[in-house]
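Coming up is one lone chain in structure tokens, specifically the form predicted alone.
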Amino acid sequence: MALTEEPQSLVEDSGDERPKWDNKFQYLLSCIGFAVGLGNIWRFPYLCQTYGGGAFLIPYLIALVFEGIPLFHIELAIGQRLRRGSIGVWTAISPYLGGVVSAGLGCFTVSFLVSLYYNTILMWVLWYFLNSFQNPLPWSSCPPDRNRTGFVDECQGSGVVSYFWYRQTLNISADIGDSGALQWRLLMCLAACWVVVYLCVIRGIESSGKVIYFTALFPYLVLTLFLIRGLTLPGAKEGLLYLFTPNLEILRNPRVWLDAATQIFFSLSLAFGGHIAFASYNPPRNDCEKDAVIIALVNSMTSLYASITVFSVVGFKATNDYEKCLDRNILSLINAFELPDQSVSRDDYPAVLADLNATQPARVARLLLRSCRLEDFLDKSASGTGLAFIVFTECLLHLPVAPAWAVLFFGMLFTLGLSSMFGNMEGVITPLLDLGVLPRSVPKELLTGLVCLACFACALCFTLQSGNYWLEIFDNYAASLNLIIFAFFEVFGVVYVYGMNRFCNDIEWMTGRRPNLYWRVAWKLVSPLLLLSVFGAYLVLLVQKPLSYKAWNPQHVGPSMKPFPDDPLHGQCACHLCLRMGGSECIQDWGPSRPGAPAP
């Protein structure tokens, strides 16, 4: 039987002063918008394609059931019960859990750092969005050289799409040690992004809750439009078959299971503190268990939906490139062997080439024909910024009315990132309000403005020519291991400090149902063990791989791996750079890219 009397709370009731959601749908959209982020679009499809297609779904679903949903339920339940932000919640449970190295302040700090990282990506997205209102698109052809007698050599060597990203957008330096100058166009875009974020979160959920109806739903509209268009393109079938054809042998690779666990973890935005803040504005008797399951399933289904959409378009691009490769080889054969025009079709090409190889192998060898295999072109996938700003951006060039599709695509990415920023900023601002950092007489709008201004100042280093390298540092270290540690503290704090029985009583009072055996086993045993396993695997990967980063090489016109400088003075220079640009912390060394992504 459900508890009818409210169990004793660790914090005083905040009364009617705490804001409330207008309705349940607004709350669900806010949580979905926070969870469903850029990683669903540019990380999950890449993992499926890399790790055996449909076979990757097996470890992914196992991680969802035994790691993602149980941890997510804890965050929603504890936030709703104690009605505080991350620092307030964990300090109420134990002062040690609210400390610097534990869950409370740790979640707050990570939310702050990830906000810098995430809004920098929005800065690039905004730049591409503004450039999409051109016909032809500016990344469709190389710019002329200074003499206007040809095209820029760097562009011709690297490809026009890569050139627009690395040179015309980032104007990237060749080395992380060369900080370069501020890029004013990016600086203006960064300022515009923080102004948009400020206007949306100026009054917390009272303002972001109005905007979320558009920012959370618009991406689904655009994904549907891309899916409909993608499925009608030649090559869509090949792209989807390549994506989801299962390769069960890949499951023997431990890295597959690690990446599945981390993808679930970061995709749901666990341990950021944003979901705790959102749940704290719920009515005390809200069914948080049902919310946790619904939001987690919607997040995972969105990842699958996005994968189908992305690879239907990527399949079209791969097929187009494959056919161009065949056409170039066919033209070479016709010219070299003086064959009649159009005498060799794409279907006949393998047989004709085999016959010529058998009769005149020396002449065929001198032609230096390219190897044309559709699978090779499908293999040219990427994740993160490589998918968004290079691979998919090139796909857009092949679509009719390319500028319109580019506007939709980058508009979708911007709204996805903006929805996630609402959760990140709540993870920063709500704890500050709960702690009473400023007197209550100071309006909330001023505190929000000061936080956004501080974030803008700290993110200025990302607008330098070396900014992309520093962003990789944040990508690798601002969250990753820290979030796993904080999540472990969350589970440990609730189960072993707050008490499993007491927590179950709270949930029974809030939802009318006592947690069943699945929840209790997951919280007490399975989830902590999974977190410790992922943490250990991360450490092993960091030890095994050399410290390196991907740098743009203008001489070889392309990205190449470089070792991180061993000079200890380099770390000091990095600190001076961070301090000069407004950063309060500095990371003196960094390592290989982590398996997952901190972005939701």
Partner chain sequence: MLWLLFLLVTASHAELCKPDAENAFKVRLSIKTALGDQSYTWDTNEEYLFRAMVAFSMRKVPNREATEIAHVLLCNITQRVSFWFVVTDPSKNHTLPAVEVQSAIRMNRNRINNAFLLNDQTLEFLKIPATLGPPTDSAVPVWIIIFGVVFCIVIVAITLLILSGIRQRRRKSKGLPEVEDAEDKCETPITVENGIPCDPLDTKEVHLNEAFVPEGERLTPL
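Residue numbers count along the first chain shown, from 1. Since the structure is predicted, the reported quantities are computational estimates derived from the model, not experimental observations.
One more form of this protein, predicted together with its partner chain, exists but is not displayed; see below.
With its partner chain omitted here, the record of contacts in the predicted bound form names 128-136 of 458-466, 506-514, 128-136, 275-283, defined by a heavy atom within 4.5 Å. In the predicted bound form, its partner chain sits beyond 4.5 Å of every heavy atom of R252. Shown alone here, C189 lies within 4.5 Å of its partner chain in the predicted bound form, counting heavy atoms only. Under a 4.5 angstroms non-hydrogen atom cutoff, its partner chain in the predicted bound form lacks K380 among its neighbouring residues. Remark: A365 does not count among the residues lining its partner chain in the predicted bound form, judged by a heavy atom distance of 4.5 Å or less. Distance criterion of 4.5 Å from any heavy atom to its partner chain in the predicted bound form singles out T149 from the list T224, N501, T149, T359. This chain appears without its partner; in the predicted bound form, the one residue of V196, A454, A174, V298 with a heavy atom within 4.5 Å of its partner chain is V196. Heavy atoms closer than or equal to 4.5 Å to its partner chain in the predicted bound form belong, across 333-359, to the residues I334, N335, E338, L339, P340, D341, Q342, ordered by sequence position.
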